[in-house]
Each structure stands twice: as C-alpha cells, then as structure tokens.
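So this first bit is one chain, no partners, the form predicted on its own, shown in structure tokens.
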Amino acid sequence: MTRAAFADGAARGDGPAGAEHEVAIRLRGLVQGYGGAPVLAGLDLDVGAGRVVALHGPNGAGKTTLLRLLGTRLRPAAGTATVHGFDVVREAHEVRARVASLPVFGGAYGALSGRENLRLAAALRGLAPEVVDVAGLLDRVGLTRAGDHLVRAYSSGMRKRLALARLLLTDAPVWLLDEPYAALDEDGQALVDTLVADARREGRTVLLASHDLPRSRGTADAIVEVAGGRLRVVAHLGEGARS
C-alpha cells in the first residue's frame, strides 16, 4: 500500500514546541477488527506536527476506530501506532499525556452543571482551580448563560460546545476530533473552524473525522478517505488551498 505522508522528520519529541517537520502521528501496518471482521487493514500514515488532516468516509469505515486506537482506548490487533514517537500500547501513559480527544456525543455528566463539569474535568487533569478560567472557557464556546444549568437539560449542540470547552482545558499537542461539526448550528461549526485554526497556529496536530467534506476542505491540510479498511489521499491541500 502507498504510504500517506504529510511530513518528514524525527519520530520522537514532545511538541508542539518541537521541530516543524517532526512526525506527530505514525501508523505502520495498523490492523483492527471486530468479531473477526477487519475494519482497518494494514494502515500506513505519517502526519507531521502542526498539520490538520481530515478523515472522510462512510459510517463503519473505521474513522472512530482509528481515533480510539490513537487515544489508547483500543489496542491494535497488529501493526504499530505512535504519537510523538510513543507507542500507543507500550507507552500508553505517555501517549495519553499528549492527546486530547473530542468524542461524538460529548461525554458530560448530566447531573452536574456545565460549570461543574469543567471544574471536575480540570481536577481530573490535576489542574489547580485557580489556574482554570472556567468562566472564560464557557464564554469562548458560547455557554455563558447556560453555565449553571444542569447538562441533562442541554441540547445536543450545547453538549458539543461543552465538550469543546473541555478540550481547551488541555495543552496536549495532538487533538483527535470525532465528528466535531455534528449537532452544531452554523455558528457552532464556525467555532470549530476557529478552534482548529488556533490549534494549528499553536503548533498542534489535529486529526479529525467528519462526514462534512466541504467544511473539512476549509480547515484541513489534507483529506484522507477511509474505506474498505484502507486509506486514500483525496486531496493534499496545503495552506494556500484553504479558504
């Protein structure tokens, strides 16, 4: 299989302060399946630090599976995957310290308010309350007025905005975003675009799975199709091609 590559360079580092051409995500022969049926069939991929790559493909193609593997929530059946040079199986703790994930459905506690959810998330990350600007995070994602409401009363779009606020709690150099535009209105989708653009300027690497190919073209350096357990580069855009 032809390797999809979006940067060359060193395979290990702590980014985003590392070298511009450092490889942030590397897959070699990555295999995963369910019930004996292959979902990912020997993927090879290099993503350089500071790049934004969008994964496109139908439901069940393996996009979420790939993000879960990189986030250490699944173990590959075969092959290897590294994040800034750290193996997702042997060095899972190091990988988790460098990765922030956005799940499709948000993952908040409904019995807590939005503000309480952010405070809890910060505490679980070992962040002192005085260094976390919860009010600022709520304002950035458009939830200032709803911050003290219980999350069980939130719409799906509000839950996604809260998940974006949790994402911003971390300084992880790699973001794994699963359907970040889902459930959001136009303003919410524009917010995602802004956050991804900010992440790129900060040197972060972003791997996002999305059904919204036109939207992804406006934010990504490259579009990669996931289909039949394989990867195919649809477009290698580069900064000059993004709107």
Partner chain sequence: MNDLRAVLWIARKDLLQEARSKAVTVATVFFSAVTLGVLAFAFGQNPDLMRTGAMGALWVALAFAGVISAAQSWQADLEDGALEALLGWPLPRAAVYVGKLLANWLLMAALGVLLLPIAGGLYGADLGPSAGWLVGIVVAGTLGFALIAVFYAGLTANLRARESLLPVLMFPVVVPILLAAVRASGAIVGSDDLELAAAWLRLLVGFDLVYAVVCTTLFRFVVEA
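Every value quoted in this text rests on a predicted model; they were computed, and no experiment measured them. Residue numbers count along the first chain shown, from 1.
Heads up, the form predicted in complex with its partner chain isn't pictured, but that's what we're talking about next.
Trainee: Could you check which residue among 153, 124, 78, 135 gets a heavy atom within 4.5 Å of its partner chain in the model of the complex?
Mentor: It is 124.
Trainee: Looking in the model of the complex, any heavy atom of residue 166 within 4.5 Å of its partner chain?
Mentor: Taking the distances in the model of the complex, the answer for residue 166 is yes, it comes within 4.5 Å of its partner chain.
Trainee: Report whether the minimum heavy atom distance between residue 108 and its partner chain in the model of the complex is within 4.5 Å.
Mentor: Taking the distances in the model of the complex, the answer for residue 108 is yes, it comes within 4.5 Å of its partner chain.
Trainee: Looking at the partner-bound form in the model of the complex, is residue 140 within 4.5 Å of its partner chain by any heavy atom?
Mentor: Residue 140 lies outside the contact set for its partner chain.
Trainee: Though only this chain appears here, would residue 200 touch its partner chain in the model of the complex if you measure heavy atom gaps against 4.5 Å?
Mentor: No, no contact at 4.5 Å.
Trainee: What residues of 180-210, in sequence order, lie within 4.5 Å of its partner chain in the model of the complex by heavy atom?
Mentor: Nothing in the stretch sits within 4.5 Å of the partner.
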